[in-house]
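A lone chain, given as structure tokens: the form predicted alone.
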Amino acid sequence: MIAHSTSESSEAYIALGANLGDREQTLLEALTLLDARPSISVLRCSALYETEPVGYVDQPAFLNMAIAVRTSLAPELLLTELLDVENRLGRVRDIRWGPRTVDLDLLWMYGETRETELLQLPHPRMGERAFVLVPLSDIVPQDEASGLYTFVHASLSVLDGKDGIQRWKTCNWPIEYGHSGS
């Protein structure tokens, strides 16, 4: 299948994390860079959560959040845009699960599944990661039709490790208020 833009737009959910430099500023800059793309609109952002590292634990704490975007891009092209933002913000991939200026993971895209070397949708480990599920629970509406709301809340109800996640602060990104309808 060839990835391309479509005239139809879909809602997609992205996890963001950072544990080097000015973590909050980097996450907000990632939102700004994504929203500036012609085929991506940031709709909602979760609160920011400070979380303990997972996997490689000898590193600083992370700030994590999740966003909902509207896009006309195919999942592969959206992933390319996410990787470009990571690169623009100084992401270096030295150690698996290691320290990073920023990490953007495409978690879920309405009606889309993928199983390729570069992209798996839904994200295969999101149901095991409280640092993903807790922020997602902030922004996935209860009436969301694809089943993500049910998945997030069912996964959270049985997941250990939620105590390592502390609400750090509200997202102060300006577009949050303009698109959310509140």
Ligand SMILES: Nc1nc2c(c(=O)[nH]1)N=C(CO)CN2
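Sequential numbering from 1, following the sequence displayed. What you are looking at is a predicted structure, and each value in this text was computed from that prediction instead of being measured.
Keep in mind the form predicted together with this ligand is missing from the figure; the text below concerns it.
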Only one of 153-161, 29-37, 139-147, 126-134 has residues with a heavy atom within 4.5 Å of this ligand in the model of the complex, and that stretch is 126-134
Can V54 be called a contact residue for this ligand in the model of the complex at 4.5 Å between heavy atoms? yes
Discussion item. Is E76 near this ligand? Define near as a heavy atom within 4.5 Å, in the model of the complex.
Written reply: no
At 4.5 Å between heavy atoms, is E112 in contact with this ligand in the model of the complex? no
Notebook entry, point to check: Counting only non-hydrogen atoms and a 4.5 angstroms cut-off, does D105 reach this ligand in the model of the complex?
Noted result: yes
Taking this ligand in the model of the complex and a 4.5 Å non-hydrogen atom cutoff, the residues of 62-87 making contact are F62, N64
